[in-house]
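Shown below, as structure tokens, is a lone chain in the form predicted alone; questions about how it binds or moves come after it.
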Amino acid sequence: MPNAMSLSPHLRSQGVPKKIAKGCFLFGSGEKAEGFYYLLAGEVRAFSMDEQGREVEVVRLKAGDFLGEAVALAGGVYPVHAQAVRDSRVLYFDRRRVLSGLSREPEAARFFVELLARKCLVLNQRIEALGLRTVRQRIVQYLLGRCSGGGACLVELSGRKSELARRLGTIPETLSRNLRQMQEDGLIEVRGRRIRILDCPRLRAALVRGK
């Protein structure tokens, strides 16, 4: 998880509980960031859109993750759209209330410093994954992150392949072409939303080689 951190009872009490139905937006790109969210249950995706209107998924968040905290505390605007993938429950934190309490609450200040530091690390990793790796390497990295590392594993996609394509920063056609090539190379076996890794060590070696 990008920012999975547990909240103290004191911090939790400052959040306003909200329910977000599947498909509803928490915020849109360009909106002023008056606050941020902590995901209690459910799943939320953050995505941007290119000039052709194609979606590029930036990150997917689950219970224990924060969303929008960095830009809210900085007083900026949301750089992405945030939408509930399924019915979700969140805590909403008003930026002014949080900022006004930091000087009086050293524990809360330390918490948010650590949170923002983690965010920087995650963003750096994301930039490297999307900017310096090929689509095939991104697919391999995604699959390896969901296998046990043994001889063979089964990865079941939680959504459609088009959702995975957005998550990996590509388009469905390119994703399908790379999956087909990986299958022809004997690395995986694709059956609908199920992807069987035939040889985990070999797949890991392919990530290092970039092939």
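One-based numbering along the sequence shown. Rigid core here is just the name for the largest C-alpha set that superposes within 1.5 Å across the two forms. These figures come from a predicted structure and were not determined experimentally.
Although not depicted, the form predicted in complex with the DNA is the subject of the following passage.
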Contacting member of Leu91, Val77, Ala108, Val135, with respect to the DNA in the model of the complex [4.5 Å, heavy atom]: Val135
Residue among Gly42, Gly35, Gly169, Gly64 with a heavy atom within 4.5 Å of the DNA in the model of the complex: Gly169
His10, Arg12 and Arg96 all contacting the DNA in the model of the complex, non-hydrogen atom within 4.5 Å: no
Asp185: touches the DNA in the model of the complex, heavy atom cutoff 4.5 angstroms: no
Residue contact check: Glu156 to the DNA in the model of the complex, 4.5 Å heavy atom: no
Distance check, Ser48 to the DNA in the model of the complex, heavy atom within 4.5 Å: no
is_contact(Arg160, the DNA) in the model of the complex, heavy atom dist at most 4.5 Å: yes
Rigid-core frame, C-alpha of Ile139, shift of 2 angstroms or more between this form and the one not shown: yes
Per-residue C-alpha change between this form and the one not shown, Lys62, threshold 2 Å, rigid core fit: no
Large Cα move at Ile171 between this form and the one not shown, threshold 2 Å, rigid core: yes
Comparison of CA distance in the model of the complex with shown form for Gly159, Asp65, at least 3 Å: closer
Direction of Cα pair change Ser158-Gly23 in the model of the complex, magnitude 3 angstroms or more: farther
